[in-house]
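First, one chain by itself in structure tokens, the form predicted alone.
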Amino acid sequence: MKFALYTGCVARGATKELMISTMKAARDLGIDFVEMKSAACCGAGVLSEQSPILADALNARTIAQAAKQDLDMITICSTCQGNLKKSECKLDSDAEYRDKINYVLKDGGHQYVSGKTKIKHFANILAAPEGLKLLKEKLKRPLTGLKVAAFYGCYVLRPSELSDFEDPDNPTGLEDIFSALGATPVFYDGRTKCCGFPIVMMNKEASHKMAGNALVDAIESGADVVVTGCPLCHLSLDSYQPEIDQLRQKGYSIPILHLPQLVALALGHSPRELDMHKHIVSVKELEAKLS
């Protein structure tokens, strides 16, 4: 399998350790990722509020770059996935608007062509039958006894008609991956809700309350670790967790992993190899369980 890898901004900036696990996991699984180094930011849903045309043009340019390589595109960020798919939908459903966007892209040598490139999240590749089979074949450290709670991230589920998960209201793709790795999935109400990151700059208290509610729900449902497919969710749930803990006043904490980190652990890599010591919430208890 070979894909054009769209990393997004956060995995190349604030959470660089997530890229390490992504590349190690892909290599061990025999998946070839060709990084799209000149791709632009997806806009994170913020840019489209100010300039929908600019946001769609940037995303059309990114999709066109993957098409030039004759590769489908893979993302490791729920937010990027959602924004790219929204732009794709607008461009595919309105020929006049697509022509307008392509006029903007013309000087840069790019043109968007409907249907030429599929956009998939890494989770959707791994959760497919072929991906689950591959995980089981390559498994080196079964995560037996580890209770793992998924946090999907809202952009990869909503709007539901654009989601690649079979049932966006009650998805099981991440939990299927956890089971393939030998872990025990934990189902809880907060797994499909928003982490609060989109409003953290406008209303930090409300943002932290949203994240805190999900974390408390996961912990009280028995989880040892929360795993997300979105670097922005990772930031919200890990980096802000000390502040969230103060807000919730429960005295709780729980390590947060990005999906490729969990996969790379199961493929035999150590937490130190994956730079998991850079997380805000300590992974020492997780290391102890794995050992």
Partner chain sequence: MSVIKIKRFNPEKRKDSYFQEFNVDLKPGTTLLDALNEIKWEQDGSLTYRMSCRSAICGSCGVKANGHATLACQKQAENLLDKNDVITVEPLGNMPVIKDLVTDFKQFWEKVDQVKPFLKNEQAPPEKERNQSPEQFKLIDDSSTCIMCGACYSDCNVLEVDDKFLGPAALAKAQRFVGDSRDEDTLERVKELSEPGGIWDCTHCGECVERCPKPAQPFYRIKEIMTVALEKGVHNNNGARHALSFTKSIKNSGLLNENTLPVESMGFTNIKGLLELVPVGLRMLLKGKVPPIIHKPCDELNDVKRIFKELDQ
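Just so we're on the same page, rigid core means the largest C-alpha set that superposes within 1.5 Å between forms. Residue numbers count along the first chain shown, from 1. Model, not experiment: these values are computed from the prediction.
Another form exists, predicted together with the partner chain; not displayed. Remarks below refer to it.
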In the model of the complex, which of the listed residues (Ala64, Ile254, Leu247, Leu54) lies with a heavy atom within 4.5 Å of the partner chain?
-> Leu54
Checked Lys209, Arg141, Arg98, Lys147 for heavy atoms within 4.5 Å of the partner chain in the model of the complex; positive is Lys209
Heavy atom contact within 4.5 Å of the partner chain in the model of the complex, the stretch among 175-183, 191-199, 131-139, 216-224 = 191-199
If you check in the model of the complex, is Lys37 within 4.5 Å of the partner chain, heavy atoms only?
-> yes
Would Ala26 count as touching the partner chain in the model of the complex under a 4.5 Å heavy atom rule?
-> no
May I ask you to state whether Cys154 is within 4.5 Å of the partner chain in the model of the complex, using heavy atom distances?
-> yes
Report yes if any heavy atom of Ile125 sits within 4.5 Å of a heavy atom of the partner chain in the model of the complex; otherwise report no.
-> no
Three-residue site Asp32, Asp72 and Leu274 fully in contact with the partner chain in the model of the complex at 4.5 Å by heavy atom = no
Which residues within 262-286 place at least one heavy atom within 4.5 Å of the partner chain in the model of the complex?
-> His277, Lys278, His279, Ile280
Take the rigid core as the frame of reference and indicate whether the C-alpha of Gln246 shifts by 2 Å or more between the shown form and the other one.
-> yes
Cα distance between Gln246 and Cys194, which in the model of the complex differs by 3 Å or more from this form, closer or farther = closer
